[in-house]
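The chain that follows stands alone, in the form predicted alone, written as structure tokens.
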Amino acid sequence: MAQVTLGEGNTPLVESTRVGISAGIESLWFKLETANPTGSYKDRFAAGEIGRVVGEGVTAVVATSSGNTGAALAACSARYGVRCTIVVAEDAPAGKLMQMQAHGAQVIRVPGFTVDPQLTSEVMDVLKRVSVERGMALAISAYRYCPVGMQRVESIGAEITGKVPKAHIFVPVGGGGLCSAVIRGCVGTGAKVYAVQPERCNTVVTAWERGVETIEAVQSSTKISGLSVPFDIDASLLVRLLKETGGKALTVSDEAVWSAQSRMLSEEGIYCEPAGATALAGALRARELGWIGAGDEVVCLVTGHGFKDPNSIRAAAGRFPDKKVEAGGLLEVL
């Protein structure tokens, strides 16, 4: 395996100054994966997976992404001379698409991908076939497809518990790989992990509530980019790990996520995309449900930077409109 890095990892863990106090959580922390080189935790995965690809002498990679995996793979591929093709959903955020393209990746948008489970499955079958027939590595940030790359993601759990050993860790869930990695990175520490999923794409939570590991495909309607995964990739793995470790799973509405994002922007100074605020939405709901107490140490994983989804930032900024005044009227407005 080749030594590949963008300088990822060892991201900041910062304490809440306002949101935690108002929610009755005395010790609330944010793990800022936004500080990774391309702005998301996916850099950890990309470094591990491109390291495997380069080490095996493969010169091309094909991937699926809602945006962050694609941006990380495109950057890592550019750095190490690997050709990169990425298949994305039709409505992938502009910030993420520009990142991929700026790094030289070929981007292909497919209507219905990540929304319709049958169509998504068909796309995956095509990519698997192309990967085999053309000698391209298939890079998907999931244990099911790329366990080597996902092992690098487990460092998140180790970094958190190295500073907050008994943490209650809230993790946003799409396919289930990230949350599974965090759980594996926390083994033996006493930390407890909570999977937070949009209620409009509730594959993991439904199975966890029923006490089964069989994942039923859904027609996803969530607007939280990155968390729309309508069928089982690592979801069944995550449900099993939650059961084994005493973790919990809960859903939040898209509206709750946008509200959490707005609060992180205006009350904590943390510039994140909606998926990056989903953990906080989950922590706030868990506090309301009594799942965590006032004295518990809570860590929310902030997975992606605000520049990834400019539309959501524009909506949040609209709460604080600017004013245009002539110089003579400035004193009165101030």
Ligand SMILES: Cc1ncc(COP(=O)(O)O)c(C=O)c1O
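Note that residue numbering follows the sequence shown and begins at 1. Keep in mind that what you see is a predicted model, and the values were worked out from it rather than measured.
Omitted here: the form predicted together with the named molecule. The next part is about that form.
Mark residue 173 yes when one of its heavy atoms lies within 4.5 Å of a heavy atom of the named molecule in the model of the complex, and no otherwise. Yes, residue 173 lies within 4.5 Å of the named molecule in the model of the complex.
Counting only non-hydrogen atoms and a 4.5 angstroms cut-off, does residue 84 reach the named molecule in the model of the complex? Contact check for residue 84: no, nothing within 4.5 Å of the named molecule in the model of the complex.
Should residue 66 be classed as touching the named molecule in the model of the complex when contacts are defined as heavy atoms within 4.5 Å? So residue 66 counts as contacting the named molecule.
I'd like to check something about residue 157: if you look in the model of the complex, is any of its heavy atoms closer than or equal to 4.5 Å to a heavy atom of the named molecule? Although the named molecule is absent here, residue 157 would stay clear of it in the model of the complex, with no heavy atoms inside 4.5 Å.
Proximity to the named molecule in the model of the complex, single hit among 177, 230, 149, 93 (heavy atom within 4.5 Å): It is 177.
Picking from 23 to 31, 41 to 49, 289 to 297, 264 to 272, which part of the chain touches the named molecule in the model of the complex when contact means heavy atoms within 4.5 Å? Single hit among the candidates: 41 to 49.
Pick out the residues of 118 to 148 whose heavy atoms come within 4.5 Å of the named molecule in the model of the complex. Residue within 4.5 Å: 141 only.
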